[in-house]
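Considered here are two forms of the same protein chain, supplied as structure tokens in two stand-alone entries, structure 1 and structure 2.
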Structure 1
């Protein structure tokens, strides 16, 4: 029904202004939607883009709608076309479809990037009206719109803090923390709560990092051959087993937990800063139901990860930096017990910035909200100052 409403709106404008037909604009949109990587369809998309921009404000709503069935690359083309049309309209004092943009923005079923663009457009037309909508976006499925709402709460919390209304400030910032999904906002809120309001913040729980593991190592990674070598934990995990490790030494599984703010599992803690080695980390995750989730991994070593014995992905690359959510891996959890095995390989480099032999892993939904195991344990008490997230 929404598609036909937009069609009717476009036809009304076209008849009134003698603009290109809906079919012509629709064809231009389809051309842009089909643009591919490595320049495929770029020349055709450029022509279609020019046709859309020349048509004017009547393409704004169809373009926003088309973003829902477009690749990220095609969405960039469509966004650029909409922005060019708006800029031209302002230069010529042409009327923009303000009410329709607002309606599109408020429809939560729309494509998140398109709705965020609609908000930006609406705010540029009527900033006060757009700002009034922001509190209602605190649980919005669009990350960009949720970010606006969280940002507004952070600002309110800071104002209350400046007015020495500490209880109200803490409550407001707690609400912001509960809704926040993006790392920079979570860190800003945590800093305000901890430093300025002397509040306890459980960041590992907030992010959903997996904190309790069993580790085994070191196996050999001479000449970086360990990445492809199938060591016994890859065939089956037996926590009571012992193996022949590097230099023919007997190795066994050992319990490990981390209280690091960012869930860092550090193989150097039990094994020391050794080189040319492989380590494995194993944990179990109890899911309340079968569900689609994302495994979000940060690691600066070569790594592989298995879910329920099936290889999910791996990357044979060393010391290119680490950050939260560096790798996002969509998977499906079984109802009940799920097993996770991480392989982390350390190479031969000796520079200071190659010492780290570590990873961080969390389980999230597609918005970045933590998904918790039904038997999740409390965060361990910290025994040392939390490491900095971006340390490399």
Structure 2
């Protein structure tokens, strides 16, 4: 056994010394890292890609490392080079740098997608060894790797449930829920806990939806012109102010909270299912520090969102669908108070699937973990859902 270990070390050392240095392939990697928008650098990147692939398996580790300073486009160039090299190596029985791939996989400072790719490569070489690593990934910063570990825990929880070991099952699924970042897994765990184990789950808190808002509306959106119209809340938010709304009616800000599992802020609740209107929602978020986060919005109406008075993004699409994290918007929060203003526009369509005038918003880190306001209030008690009414 000791001899095998020594042999392994020797092979690892040999392989490491046969690898090209980062500098030797760095020009090709830099060229690929330089690809930009609208096709910038494509031709040069194609040449560099070809050079990397012709070099063979020794480029795998440098390419994985280079993903740390690569754009999403450049990461794809690097990924496909790595996978082309692996495909070629397999067809020619060439050796792959297994130890280096494993080492890269285990180093949590690596780029999350690159580490997930490293896991897939490692699993394709030694599936059993890769599977043994999975439980240790339960708190991994790479969503793809964490997903594997959460999936294992869900499986274990289900198995315990099938054996009627309800307490152990609940404990296992609670651990899975705490670790889960991806929506489908959170939903699956919550369903098991609620329906099969009769447990309570604070799903809005788990997701980190913003639940307390101030709403004002309706402003006019006839002919969808309201999307581009600058109404007073876009210039400054004064929660004590009154405005002239649609049809010259005086409108004021009002408190609003939601206990919806998916944090849905529903303008139809205070205003009814009216059409060709604009509403605004305002809230504040206390950040413990200056930090990069993602605003994750779902909305099937046309919308705009401002952070601290600055327009982040807007989109004039109506009733094509809504889902959690439909739009992911990277922003930087100030330390302390931050303001969020959402504009949601309802159009003229009258089909029953166009009644919704709503959005959902959460603040997350780049892995999908909820980032909480330091003064986050408890989830409100659920209230009876409003009756669904047809469009007026």
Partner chain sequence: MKRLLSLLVFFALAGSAARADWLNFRGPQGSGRALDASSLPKELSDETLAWKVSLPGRGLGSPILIGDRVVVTAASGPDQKQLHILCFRASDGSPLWERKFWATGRTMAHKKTNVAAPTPASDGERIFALYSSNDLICVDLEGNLLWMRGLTLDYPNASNSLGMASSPLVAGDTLIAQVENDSESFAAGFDVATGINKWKMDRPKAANWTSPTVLEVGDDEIVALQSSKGVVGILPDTGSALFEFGNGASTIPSSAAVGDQLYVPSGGLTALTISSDGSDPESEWNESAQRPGTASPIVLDEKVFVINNAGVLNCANRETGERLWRVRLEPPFSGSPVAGSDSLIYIFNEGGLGQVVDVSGEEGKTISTYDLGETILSTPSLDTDALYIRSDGHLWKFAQP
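Residue numbers count along the first chain shown, from 1. So that the term is clear: the rigid core is the largest set of C-alpha atoms that superpose within 1.5 Å between two forms. Given the structure is predicted, the values throughout are model-derived calculations rather than measurements.
Of the two forms shown, the one predicted in complex with its partner chain is structure 2, not structure 1. Hinge location among 51, 321, 147, 203 for the rigid parts moving between the two structures, by C-alpha fit switching from one part to the other: 147. The smaller of the two rigid parts, set against the larger, turns by 13° between the two structures. Core-based superposition between the two structures puts the Cα shift at residue 112 at 2.6 Å.
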